[in-house]
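The form predicted on its own is given below as one chain in structure tokens.
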């Protein structure tokens, strides 16, 4: 049985919950499609988050790794295209670290691209009526740190697909941030299931536009 490693983050920045973990943790276990999901909570801490993730990859030998993070203010499920080799923290992490203009990996390449079929995933989500798009930036905080470190670690493991998905606030968070968009946890859960099944099924991504003009 194939193993899918799905990660979410602990709360950060004075939030009481993190929707990535709220949703991811509900997906643990075997799937009717013939794979099992292992769920892992990552600390919102530079360095430590990657140590936890890479240890889990060694332990579980997954076929697919999808890291999920909160992106308050976004309006849809965002499938990240690229991670850059920069830590530039606007706020400290959960242990008070605030790296500025530091590489994720010393002497690593400037960027790594997701190995998920990102356009096929967006298409599959949209066909089910779930708002989704390709994102051209995972930021420069712990989410980008994890995505870059993950893809760097998988550079010589082409049999493991990996990437990152950002999700909006869930409604109970948005209620504390007037004017912010939200998405129901059940919708996000359905979206992640679709993303997983698409990533396992599609070997060659769709050739369709996913770019922006700005």
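Numbering follows the first chain given and starts at 1. Owing to the predicted nature of the structure, the values given are computational and were not obtained by experimental measurement.
One more form of this protein should be noted, the form predicted in complex with another copy of the chain, which is absent from this view; the next part is about it.
Colleague: For residue 56, is any heavy atom within 4.5 Å of another copy of the chain in the predicted bound form, or not?
Modeller: Result no; residue 56 lies far from another copy of the chain in the predicted bound form.
Colleague: Should residue 106 be counted as a contact of another copy of the chain in the predicted bound form, where contact means heavy atoms within 4.5 Å?
Modeller: Flag for residue 106 set to no.
Colleague: Would you please decide whether residue 137 lies within 4.5 angstroms of another copy of the chain in the predicted bound form, comparing each non-hydrogen atom pair?
Modeller: Answer yes; at least one heavy atom of residue 137 falls within 4.5 Å of another copy of the chain in the predicted bound form.
Colleague: Given that the partner is absent here, does residue 179 sit within 4.5 Å of another copy of the chain in the predicted bound form, heavy atoms only?
Modeller: Yes.
Colleague: Choose from 33 to 41, 168 to 176, 60 to 68, 154 to 162 the stretch whose residues reach within 4.5 Å of another copy of the chain in the predicted bound form, heavy atoms counted.
Modeller: Heavy atoms within 4.5 Å of another copy of the chain in the predicted bound form occur in 168 to 176.
Colleague: Along 26 to 61, which positions have a non-hydrogen atom within 4.5 Å of another copy of the chain in the predicted bound form?
Modeller: Nothing in this stretch is in contact.
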